[in-house]
Structure formats: C-alpha cells, structure tokens
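Only one chain is shown below, in structure tokens, and it's the form predicted on its own.
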C-alpha cells in the first residue's frame, strides 16, 4: 500500500502534456498557457490624463488658493481617443477627459472640481488648488512595459488575465489541448437518474459529480453508459473509452469482491497496473494504470471516496496533461471549532465546513457512503493516523472550487 505522495509521483512521472493549439482569447478562460506572454506594447501606450479636468504646466498653479485663484487661458480640448494637436503653453490650459493623451508641454492635470470659469474672460479658467508636477497623470508603461513578460507558461487563464491580454491587443494565445476524459461507472446495482428504481437498486451519481469538476480543470468530460458487473462488458467499455479519449476514470469494481472486474479487465486489454491501494481514508482501493501511454484511474464506488481520490490523485494528473505549473489544491488556514480525531492507521481526509470567519467544523458523518456531509463540505483536513487535533488548533483546509 503506497503513501499518497508515492502514488502521486508515480502518476505524474508517466504523464506527458498534450499537444498545443492556438485559440482566441474569448475561449481561453480555464485554459493553460503553453508559452509565456510578452507584452507587444506598453500599457498605457502613452502618457494620459487620469481625470476629467485641465492639462497645465504645474508651475502655473503654484500660487493658486481658494481665496486667490489663478486664471489660465483655455487653449483647446482633447477627448479620449483623440490625438493631441494642441500644446500647453505658459499661462494656458487645455481641457482634457479621462484617458485623453497628455498634450506636449503639460506636466499635470487639474481636476475639474478644483476649477471654475473665469468671470472676467470667456476663455478663462480659474484654478483654486495647486497641483504637483505629474499629478493626475498616467505614464506610458506605468502598468506594463513593452517587452515585459506578463504571464508564464503553465498559468491558467482567468477572466482577469483574459482582460489583461485583450488590453495588450492580443486576440489569440497558445495553450495545451483540452484533455477528453472518459467517465465510467460499474455496478449491476446502478440505475440512471430519472429512471424507475427497482428494489435493491441505487441511482448512479459519481459520473455527474466528476463531470462537473472536470471543466473547471480545463478538461472535457465524456460520459459513458453504466457497465454491468461482468468481465466482457467491462473489457469492452474500457477498450472503447481508452481508444476514444485521452484518459479514463472509472468508479466501482476495484476492490476484492467476486464481482469486481475492473483490474482484470484492464489487464486483459493490454493495460499495465502500476499500483493498487493508497494509504488514505477514504479511498484506499484506488487503481492507477497505463494503456498505450494513456492514464487509467480506477476510483472506489462509494461517492465520497470517489470524490476525495479524484481531488487528491486525478486532479493533478488532469492539470499535468495541460502542463500546468501549479498542480496543488488551494490551501487556506482555519481554526478548529471542534476536535478532529483519527484513531485509524491511515491519513484521514475529513470533510469539513469553514465559515467566513475561518472557523472549521466537521461537515457531518465521515463514513464514505454519506453524501449529505459531502454536500455540506467545502474543504478537507488531512488528519494523520492515531491523532487528535484539539479544538482551537490551526489547520490547513484543502479547498476546491468550481
């Protein structure tokens, strides 16, 4: 039985990233960059006004005050998106709007709120507050300079990053292809949701759960029909899924029962089993193997076990297929509101709920078939064997997000 870190190392060492493709920025969110992004231009691309107001030479406002305003001649107007055709000369100002290019000669912008029309002259503006040189000015390249690397290969494109790329004028990026992942469920007791439920049967839920997790990792789920408990059906389904997809996840049929056909069926079609059993709870009967350089993950059938082993062992593999730089789950600190006790001989990844203040409590009963506690949970806490973590302990909560 392997430790979690050993099992994960075996999985990741055998995975090669998928080929690259070029896609539009509008399609790039949740995709992983295959190449670094270098700014093709500066951001901003020119010195511009940060306010609606008047561009001036700062020295001309030095003596301004509410009681003794300084009067300047209004010499022009520059709107956003309009090239500067006027220059700021001594004792003059130019009307500018937010984002407008800073005119030559100007080194500051007076906010509109700090000015009033000059009652003595139709083209005059009174300034009631002095400004410092370069006040209310956005400098060329202040945000990003041309040629600067702004994103690294292996980063996931978020909505914020997509906006940055668009602001730099980029319309396409190079990413790794999205992996197509087959989802199989084995068990003659399983029934499709929505169908009548005969006595002794249960509704299948693992495929739907995993299918909702995969897109958040950049993968495309391919859901296959339920497989009955027999050797031929299991072999046929595995062969078809492996030939059509980049990887396969199955749930159920990986333990030691007489009706557990997954391991033998995988080997019968030429698959190589790399390991079986991981020293974690829930999720001990976890199978990993390879078939023609494709990964096969045999998850336990219990819904909680399937969910936890997916997060700990399959999720990093899905990200590695896309050459992601960060394979780990988000880990946040929390304070235990009650004790967490593990009296067993395996690490127990307990389902917990963390509130907005960081207080961590059990999400409910920790048995691997209890779906209610999984539905209430928003994180896992890794509790070592033979350990009691007392209330008030600082813990790290592994958090998933969709």
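Positions refer to the first chain, counted from 1. No experiment lies behind these values; they were computed from the predicted model shown.
What comes next is about the form predicted together with a small molecule, which does not appear here.
Distance criterion of 4.5 Å from any heavy atom to the small molecule in the model of the complex singles out 206 from the list 295, 92, 265, 206.
A heavy atom within 4.5 Å of the small molecule in the model of the complex is found for one listed residue only; from 185, 318, 238, 72, this is 185. Note on the interface: of 144 to 152, 230 to 238, 186 to 194, 161 to 169, the segment with non-hydrogen atoms within 4.5 angstroms of the small molecule in the model of the complex is 186 to 194. Looking at residue 255, you'd find a heavy atom of it within 4.5 angstroms of the small molecule in the model of the complex. Taking the partner from the other structure, the small molecule in the model of the complex has no heavy atom within 4.5 Å of any heavy atom of residue 325. Though the partner is left out of this view, residue 246 does not reach within 4.5 Å of the small molecule in the model of the complex, counting heavy atoms only. Shown alone here, residue 84 lies farther than 4.5 Å from the small molecule in the model of the complex, counting heavy atoms only.
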